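Take a look at this single chain, the form predicted on its own, given in structure tokens.
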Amino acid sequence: MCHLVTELKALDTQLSSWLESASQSPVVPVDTYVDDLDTAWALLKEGMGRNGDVLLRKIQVPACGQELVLIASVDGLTDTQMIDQDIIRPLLATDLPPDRWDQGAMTPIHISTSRTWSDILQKLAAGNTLVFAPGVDHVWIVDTVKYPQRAIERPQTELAARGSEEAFNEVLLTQKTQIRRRVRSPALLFRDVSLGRLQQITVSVAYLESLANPSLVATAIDRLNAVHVDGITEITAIAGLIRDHPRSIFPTIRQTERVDLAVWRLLEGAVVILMDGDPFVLVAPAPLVDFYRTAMDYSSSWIDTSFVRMIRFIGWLMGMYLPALYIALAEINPSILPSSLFIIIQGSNAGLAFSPLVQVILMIVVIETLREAAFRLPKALSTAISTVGAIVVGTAVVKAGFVDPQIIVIMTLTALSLFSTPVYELTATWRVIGFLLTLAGAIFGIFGIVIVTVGVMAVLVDMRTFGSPYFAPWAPFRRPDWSDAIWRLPWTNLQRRWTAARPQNQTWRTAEAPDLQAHLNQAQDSPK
């Protein structure tokens, strides 16, 4: 019995001593990299190394003696020639110790270190090359990223007869380079944000530090940091997550693929959001009138631009109100019409099987079906199906007695007018509101059209885009912004930037700048 007590006391002493030594020894976090190449090799092999495109290679470096160096990369994302010439070849000839390899043993410019496995694996998945060296408690991360990319092409959705023909492509670094090539200023900054818990896609906020409002930049970055998703494949999803009024049918952030348009908005004090993997960028803030300003407006004369903008406004009126007014005057308020026009409208509808409202809805379905078919078909067939389908269907429905010829004319003008909207995402908005106006006109007549119009105006006045009024420069009324709203004044009259982005400097062109005509007059008056 005494012998058993003695053994228990001895075990208790040993246990206390072991616990005391364990408490005094440093605790290494599970995610921390430990200087052990065999463990690193095993972790990579059990993880990403199971993929056939993950390349793991051990080499004998003279500076490390008999110990090996592990190099890991992903085939297809890395420049293999750069790995051979700028990493492996210099390492085989260097005498520097492993903790100083960034000072000459490896020649690439971008070399960093990491001590956490989560960051190490993320860098490997992004296309960097990992160098595991013995005797150091970190991993060398070498930037050898080389993505296959599409060539810079012409814009596909924002065509222009004059001006730049350069569009963004899907590579973020190329997008930044395209902007830097046009804005050669140290004030141009890019703030990168990583989105997606699984995808880890890079989104960048571009702005001019000396011009953009700091609160606007902070708002854009904060909204991006507040996005918590597993992954995002296109920038449209980001726009829906960070824009004001996400459930509104009105877009409050603009998308563009044109480099010149993005640069022009930067020079106005706005921010541009770029995403790796999407050729479109976001521009904020974006008031409603901004969706009617195109890149060609600034490459044409001021009188031509002003005339075209007035045509767009008239086209918007026709596309929104033609069907609604026709139905309201034909069914609810015929007493407003002159007697001759009333007889014509009623006579054309006599003997038809459907009311004007049903005819309009039928034509809306036909037009939308043709538009969708033309969009889905190959480009060589889309033009033919659109033209032939419109002619055949239009003629057939009139001869069959389903639709009045006047409805055909009205709906054709409506479709053409709505398609004149410069920005595509706004076209869908006006189609929905036009349909609501048509229903209101069929139920309540002119009074219903007025009620829907007032309701839409109230919604627009209440909306905001990144802190700026969405319906500016009409509400609130900002007289200086009218110089580049519905019309565009000559360049000599444009002296101030738009106030929508609240830039730090409102002056775009100094008023004291010498006038060209004054120089010409002075040159003519001077003696030869």
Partner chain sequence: MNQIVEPISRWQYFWMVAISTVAGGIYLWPQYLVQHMGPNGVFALLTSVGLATALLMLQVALAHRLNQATVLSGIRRLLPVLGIGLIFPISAITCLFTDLLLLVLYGQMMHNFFYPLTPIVVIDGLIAASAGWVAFRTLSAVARSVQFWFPIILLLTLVVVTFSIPNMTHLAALLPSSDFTLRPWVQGTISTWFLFSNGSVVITLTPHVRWTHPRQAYTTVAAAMAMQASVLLIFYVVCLATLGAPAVSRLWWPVIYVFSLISAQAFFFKGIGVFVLITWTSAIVLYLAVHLFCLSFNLFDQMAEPATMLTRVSLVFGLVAALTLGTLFVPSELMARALVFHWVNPLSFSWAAISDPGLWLIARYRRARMVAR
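Predicted, not measured: the structure shown is a model, and the values here were computed from it. Numbering follows the first chain given and starts at 1.
Just so it is clear, the following notes concern the form predicted in complex with its partner chain, a form of the same protein that is not shown.
Within 4.5 Å of its partner chain in the predicted complex, a heavy atom is found for every one of Gly445, Arg464 and Trp474. Look at 283-291, 339-347, 231-239, 198-206: in the predicted complex, residues with non-hydrogen atoms within 4.5 angstroms of its partner chain sit in 339-347. The closest non-hydrogen atom of Ile332 lies within 4.5 Å of its partner chain in the predicted complex. Contact check for Val459: a heavy atom falls within 4.5 Å of its partner chain in the predicted complex. At a distance threshold of 4.5 angstroms between non-hydrogen atoms, Val432 is out of contact with its partner chain in the predicted complex. Using a 4.5 angstroms limit between non-hydrogen atoms, Pro134 is distant from its partner chain in the predicted complex. The listed set Ile109, Val454, Ala161, Val365 contains one residue whose heavy atoms approach its partner chain in the predicted complex to within 4.5 Å, identified as Val454. Of the listed positions (Ile314, Ala218, Ala373, Val450), a single one reaches within 4.5 angstroms of its partner chain by any non-hydrogen atom in the predicted complex, namely Val450.
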